[in-house]
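Read the single chain below, which is given as structure tokens and is the form predicted alone.
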């Protein structure tokens, strides 16, 4: 294992174990260099990984601090399943399958077709720390996958597409809006007060250019954040 990965993993364990609680300052780059006997570039890379994953933030002139972990970091620019995300971020999660039924793709996706698109609708509720925080509605097009009768909670749709059906996912287009939680949101997420919901609607494409699915992912606003890495040049 690379040294930067070892440093990253040990710091992350201390964050998850509460040894570095919210607002705690991490050791400086030089302190990590001396502790692990590595170059500064190595220690900075380890901390940069934690920044990209949403665990810490760097404040110029002050240091690196642990941020609120009650919010999960959702990477908008990545194309990965929820299970892949949960495994990568070591989330305490579980998924409840709410319903599978035949339904046309809702017009809210604005797919431009003059006729309805038949699909299989799959509704799942995502729990973090035993709290319902995400409602996922996937619409898998029947002209690509004619029928889905059941789906194990341990199997993601991406695993079904790629490992079971031999399809290759290429990219996704995503749109993000802020909406008010509706009656069903409040019911499924056990919300007792009005709340804003982060809604991510996406279209997932195969490597041959076909759309395989549309997804509406509704996130509790008070538990959502997105951390992205941007470079000017």
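Between two forms, the rigid core is the largest collection of C-alphas that superpose within 1.5 Å. Residue numbers count along the first chain shown, from 1. Everything quoted here is computed from the prediction, not taken from an experiment.
There is also a form predicted in complex with the DNA; it is not shown, and the following applies to it.
Colleague: Test of understanding: in the predicted bound form, would residue 29 fall inside 4.5 Å of the DNA by heavy atoms?
Modeller: Because a heavy atom of residue 29 falls inside 4.5 Å of the DNA in the predicted bound form, the answer is yes.
Colleague: In the predicted bound form, is there a heavy atom of the DNA that lies within 4.5 Å of any heavy atom of residue 64, even though the partner is absent here?
Modeller: Looking in the predicted bound form, residue contacts with the DNA include residue 64, since a heavy atom lies within 4.5 Å.
Colleague: Residue 38 versus the DNA, in the predicted bound form: is there a non-hydrogen atom within 4.5 Å?
Modeller: Residue 38: yes, in contact with the DNA in the predicted bound form.
Colleague: With the partner left out of view, is residue 184 within 4.5 angstroms of the DNA in the predicted bound form by any non-hydrogen atom?
Modeller: Heavy-atom contact with the DNA at 4.5 Å: absent for residue 184.
Colleague: Just to confirm, with a 4.5 Å cut-off on non-hydrogen atoms, which of 59, 165, 178, 168 contacts the DNA in the predicted bound form?
Modeller: Of the candidates 59, 165, 178, 168, 59 is the one lying within 4.5 Å of the DNA in the predicted bound form.
Colleague: Determine the residues of 1-17 with a heavy atom within 4.5 Å of the DNA in the predicted bound form and present them in sequence order; the list may be empty.
Modeller: If the 4.5 Å heavy-atom criterion is applied to the DNA in the predicted bound form, 1-17 yields 2, 3, 4.
Colleague: Is there a C-alpha shift of 2 Å or more at residue 173 between this form and the one not shown once the rigid core is superposed?
Modeller: Not so; residue 173 is displaced by less than 2 Å.
Colleague: Would one find the Cα atoms of residue 49 and residue 171 closer or farther in the predicted bound form than in this form, where their distance changes by 3 Å or more?
Modeller: Compared with this form, residue 49 and residue 171 lie closer in the predicted bound form.
Colleague: Are residue 171 and residue 51 closer or farther apart at their Cα atoms in the predicted bound form than shown, with the shift being 3 Å or more?
Modeller: Here the pair is farther apart than in the predicted bound form; there, closer.
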